[in-house]
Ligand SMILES: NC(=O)c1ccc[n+]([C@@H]2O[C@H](COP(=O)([O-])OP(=O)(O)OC[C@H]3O[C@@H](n4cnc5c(N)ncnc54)[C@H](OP(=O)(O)O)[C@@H]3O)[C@@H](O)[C@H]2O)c1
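One chain is shown next in structure tokens, namely the form predicted on its own.
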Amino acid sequence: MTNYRKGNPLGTHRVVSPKGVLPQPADILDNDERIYDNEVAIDVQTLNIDSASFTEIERRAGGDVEKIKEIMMDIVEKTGKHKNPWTGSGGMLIGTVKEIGPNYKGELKVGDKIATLVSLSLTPLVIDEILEIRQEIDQVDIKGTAILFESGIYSILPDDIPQNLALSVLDVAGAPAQTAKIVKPGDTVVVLGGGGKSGMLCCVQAKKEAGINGKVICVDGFDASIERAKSVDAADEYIVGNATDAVGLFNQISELTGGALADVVINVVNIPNTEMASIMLCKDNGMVYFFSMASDFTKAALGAEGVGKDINMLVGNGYTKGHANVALQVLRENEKIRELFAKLYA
């Protein structure tokens, strides 16, 4: 029998530097493929790099696929995980369980196909080879191994949804699930980046929660994205607008809402400097949900103070109870969005 080393449920035994921190903020993790007694080893099939992270890597690589591979391999070789050094974010993965430590407390079995629901920014990872990069959907097929800690959450991949489609949706599952929690009947909701993957899921979920007396406004910077959102009836109103132009967008939303503004603003834009638009579109005592990892929370806090906005701001925690089921249920209930996502991501 293999002699397993004893591990901490939170994975702190994998932290190389700096000592005393958790795996996510750590600079370097030990990505040794030999598991500890409470860990799970996963044969990785696909990495779904989070949108802000992939966009930045792609920009630095000038769109060149080989350079994207070099950057990704370099990140993992230096840090033992895929934590983007510029955005601090990761993504998630799908793969097959290949080994389980004897003291792991969970329901997994060897051979289960799973999606990890914890960030790649805290997941020990070895990339042996990058097989394919699908730039249009931020997915990277690899040969490699990842480690899931005892505290790590996951979803067994559903039988009724193709794997890559499920991966795309589960990567942003926190967004529609949090939307379900914060949007109330009759609310006016603005979704910035509403024509993207997480944006459309949020729009559809917001429409469901706000009901017939509510209004969901989809804002995106690209005509093509707005047309895509329209094709699945994601929202009630659509605006092509620049989320980095706070004053201009404020004027557009103010006109559309008769000056009332939004009860809830959801920001899923994958570029920086969209904090002030989010804040200005929100009415006093409303809620701004910053799901995007491109958000700067110092800018948000000081910005709200600077324009005298008494609003609630929610940090985009990618986890909320039942979030995987909420996100997948959107696909199951909405044939139009399922067909579109299948075409784009499956």
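Numbering starts at 1 and follows the sequence shown. Just so it is clear, the structure is predicted and the values come from calculations on it, not from any experiment.
Beyond the structure shown, there is the form predicted in complex with the ligand, which is absent from this document and is the topic of what follows.
S.K.: Using heavy atoms only and a 4.5 Å cut-off, decide whether all three of 198, 221 and 318 touch the ligand in the model of the complex.
M.R.: Yes, the whole trio is in contact, each within 4.5 Å by some heavy atom.
S.K.: Looking at 181, 113, 208, 228 here, can you tell me which has any non-hydrogen atom within 4.5 angstroms of the ligand in the model of the complex?
M.R.: So the residue touching the ligand in the model of the complex, by this definition, is 228.
S.K.: Select from the listed residues 242, 254, 213, 135 the one whose heavy atoms reach within 4.5 Å of the ligand in the model of the complex.
M.R.: Of 242, 254, 213, 135, the residue with a heavy atom within 4.5 Å of the ligand in the model of the complex is 242.
S.K.: So in the model of the complex, does residue 139 come within 4.5 Å of the ligand, heavy atom to heavy atom?
M.R.: Because no heavy atom of residue 139 falls inside 4.5 Å of the ligand in the model of the complex, the answer is no.
S.K.: Is residue 269 close enough to touch the ligand in the model of the complex, meaning at least one heavy atom pair within 4.5 Å?
M.R.: Taking the distances in the model of the complex, the answer for residue 269 is yes, it comes within 4.5 Å of the ligand.
S.K.: Taking any heavy atom pair closer than or equal to 4.5 Å as contact, tell me whether residue 278 reaches the ligand in the model of the complex.
M.R.: Because no heavy atom of residue 278 falls inside 4.5 Å of the ligand in the model of the complex, the answer is no.
S.K.: Since only the chain is shown here, I'm wondering whether residue 76 would be in contact with the ligand in the model of the complex (any heavy atom pair within 4.5 Å).
M.R.: Output for residue 76 is no: heavy atoms all beyond 4.5 Å of the ligand.
S.K.: Determine which one of 23 to 31, 49 to 57, 63 to 71, 304 to 312 lies within 4.5 Å of the ligand in the model of the complex, judging by heavy atom distances; exactly one does.
M.R.: Correct option: 49 to 57.
S.K.: Determine the residues of 275 to 302 with a heavy atom within 4.5 Å of the ligand in the model of the complex and present them in sequence order; the list may be empty.
M.R.: Contacts from 275 to 302: 291, 292, 293, 294.
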